[in-house]
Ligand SMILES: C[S@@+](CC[C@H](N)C(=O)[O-])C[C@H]1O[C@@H](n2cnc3c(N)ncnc32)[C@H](O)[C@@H]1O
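One chain comes next, on its own, written out as structure tokens in the form predicted on its own.
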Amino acid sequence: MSNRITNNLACPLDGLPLILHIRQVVCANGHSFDVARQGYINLLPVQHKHSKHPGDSEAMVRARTEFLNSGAYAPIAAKLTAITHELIVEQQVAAYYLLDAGCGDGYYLAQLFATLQQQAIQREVTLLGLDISKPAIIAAAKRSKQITWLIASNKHPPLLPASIDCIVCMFGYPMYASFKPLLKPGGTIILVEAGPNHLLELREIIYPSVSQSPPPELAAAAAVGFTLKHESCLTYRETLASNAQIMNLLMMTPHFFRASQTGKQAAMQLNTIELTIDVVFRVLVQASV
């Protein structure tokens, strides 16, 4: 089965539509980009990189994949799928386009695709995942051949204007000003973010003091015309029963870089921990024009 390549790609150099031609996508100005053997497309020009190897490293991606494959965050994927399914059903369109901006190793998007395949949705759904990390997209391409995977940045997403119905941002850094032109009128953004008590027990071990901060404010979203349509929370307890699983979790989060060496050493001594998983889901809508 060959990889699916979406029809709304834009050249990262001039913004013109990219057309699939055999194993390349090509714009009218002659810029071409290969479809890699694994099925992804690298649309991250050197001028959009902030380092030689941007994004998560191979080690971080491997840790993320091993942790997510354990099922510890399966309830998060299930709730995301339920919210997305409702949005797709609400939209009276023949074709629905959803982008996971900062998709990592593709776990959540692959879970969504698998669920949608089992459900009778009377419209065509196209899923796209982009991430600035090449190792992450290589890992994502192994999860599904029916999703378009792109190496690209949230700041410069290589997609045609007004061609996306929904953008998902999982524990990431939403670029509202960059997202807005991609969305069709009435398009939505799903933000999935850590709640105040997320991983509280681990944070109490790796930091000398812990604050319980709410998710980021939405002033930047409001400034470009997005409003909050719906907010819900998911809280549950999850036991990690091995040091390897605990260290995989730590490595896949920003806490790996923020924690002191003393905090990391304390985590390395753990063989089990019961964690609070506390996640906030927010649906933002763009005003119709």
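None of these values were measured; they are calculated from a predicted model. Quick note: we count residues from 1 along the sequence shown, nothing fancier.
This protein has a second form, the form predicted in complex with the named molecule, left out of what is shown; the following refers to that one.
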| query | finding |
| --- | --- |
| Answer range among 101 to 109, 159 to 167, 181 to 189, 198 to 206 for contact with the named molecule, defined in the predicted complex as heavy atoms within 4.5 Å | 101 to 109 |
| Contact label in the predicted complex: Ile147 to the named molecule, heavy atom within 4.5 Å | no |
| Close approach of Leu130 to the named molecule in the predicted complex, 4.5 Å, heavy atom | yes |
| Exercise: Gly55 in contact with the named molecule in the predicted complex, heavy atom 4.5 Å | yes |
| Touches the named molecule in the predicted complex: Ala152 (any heavy atom, 4.5 Å) | yes |
| Three-residue site Lys79, Ile83 and Phe113 fully in contact with the named molecule in the predicted complex at 4.5 Å by heavy atom | no |
